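Shown here is one chain on its own, the form predicted alone, set out as structure tokens.
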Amino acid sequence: MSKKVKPGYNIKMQSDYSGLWQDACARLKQDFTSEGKLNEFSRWFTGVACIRGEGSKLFLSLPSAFHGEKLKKQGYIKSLEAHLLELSGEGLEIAFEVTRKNILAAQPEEPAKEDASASATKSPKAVRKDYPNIRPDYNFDTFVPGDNSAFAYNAAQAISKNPGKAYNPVLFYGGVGLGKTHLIQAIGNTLYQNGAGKIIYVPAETFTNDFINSLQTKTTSNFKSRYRNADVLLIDDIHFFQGKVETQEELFYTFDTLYHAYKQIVFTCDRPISELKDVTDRLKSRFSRGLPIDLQPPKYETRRAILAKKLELQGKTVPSDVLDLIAQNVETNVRDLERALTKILAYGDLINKNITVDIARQQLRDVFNAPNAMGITVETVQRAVAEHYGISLNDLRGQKRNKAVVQPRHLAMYIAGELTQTSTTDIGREFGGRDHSTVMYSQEKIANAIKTDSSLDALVQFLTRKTKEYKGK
């Protein structure tokens, strides 16, 4: 049912567009507030109102066309359109109209440069704008599948062709830099460009912040309407939900609403669902329902192909033997490969030299010698130690304090500190959320003990070798 915007305007407005405008404006105000620019927000948006919506356009009331030009020039309109898209899943374009009330309030020296209502007659673009929260280069053409990721890549493409029916829900999980975010955003990019209804892509942290904000502003109905009316819901890094009870409760009901309506749901996580801590069993069961897919570090052939693809996209060239050198020495993930390649390209551009194997080896010696370049993670250490002692990963990471578990746990924490560049805080997180001081105590205890206990020193050396061998399994 239509209603008047404000007394004096006498312009009818559809309630759904009004709600979108109010929510988007509130988000923009938060952006200004966090940057300490609340006065700037008041200056440009006091008196600005939504007067109506027509299809993919939302019309704002402004005091002058000059005011609209300023909003565009400052980039505020682009920010608003991004918030509108995030809220609605639709690419809404903002247009302006100078209303009678605002004309009277306008300054004389601000000429009306154009009748913004004329822009409403423009034909829509054939290609939709890029989804603002998704990197446009994260698409299927720029992803290089290998043995480690072919299953995930093919599943992602199947989802993009038949959302809600091919596989639902889908969970991509694995370590940092293995392509989880690339694939989930490629799904979003493809579906969005194909006009597949209302698509929402958010990191888990954004979902949590949106929920908290809805509680603070008493707009939970808007929050629920936004997420539960999605045709495709893509949530990145769901391990962030650990310990957030109320957010988990809301996600549970959102999941059920979408799942039973045959809407597509895709998650990513940095570990298997069974290893998540402080997540309710019923939400774990929802995460596990459908198709869970593990991504592993890429093998040499895939690493080599990834480097070649990166060069192709940048229009750069590097000698083949240099690419071989990088692919052979950086075994961890795609991000580390990119860092190594970027450093070499930057050196060549800035020094104006052709890159040779000797130059690459010299410039990347720190990268090649870094512990993580060997592809060893905290989880690798945990698995190797747990296997040696015949205990489960859950026991090693858990709260049990019997002798059969405590000593292996101390050793695993020590070796993780030696073989990886992971901070004590992050190591503690990998061991059931322990405090960094607990990790430091364990590492110091082993370090002191091996100085006088040759058998313990030999055991540490053995487990270190076992860990290095285990990384390929």
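This one's a predicted model, so the numbers in the text were calculated from it and none came from an experiment. Numbers follow the displayed sequence, beginning with 1.
Below, we turn to the form predicted together with adenosine-5'-diphosphate, even though it does not appear here.
Proximity to adenosine-5'-diphosphate in the predicted bound form, taken as a non-hydrogen atom within 4.5 angstroms, holds for one residue of K299, R335, K316, R361, which is R335. Think of it this way: in the predicted bound form, adenosine-5'-diphosphate has a heavy atom of just one of Y138, Y259, F240, Y76 within 4.5 Å, and the residue is Y138.
Residue contact with adenosine-5'-diphosphate in the predicted bound form: L178 places a heavy atom within 4.5 Å of it. Of the heavy atoms in T142, some are within 4.5 Å of adenosine-5'-diphosphate in the predicted bound form. In the predicted bound form, R289 stays away from adenosine-5'-diphosphate, with no heavy atom inside 4.5 Å. Proximity of K224 to adenosine-5'-diphosphate in the predicted bound form: non-hydrogen atoms within 4.5 Å are absent; the residue sits far from the partner. Stretch-level contact check against adenosine-5'-diphosphate in the predicted bound form with heavy atoms at 4.5 Å: of 302-310, 280-288, 245-253, 84-92, the positive one is 302-310. In the predicted bound form, no residue of 267-293 lies within 4.5 Å of adenosine-5'-diphosphate by any heavy atom. Relative to the shown form, the Cα atoms of D270 and R429 move together by 3 Å or more in the predicted bound form.
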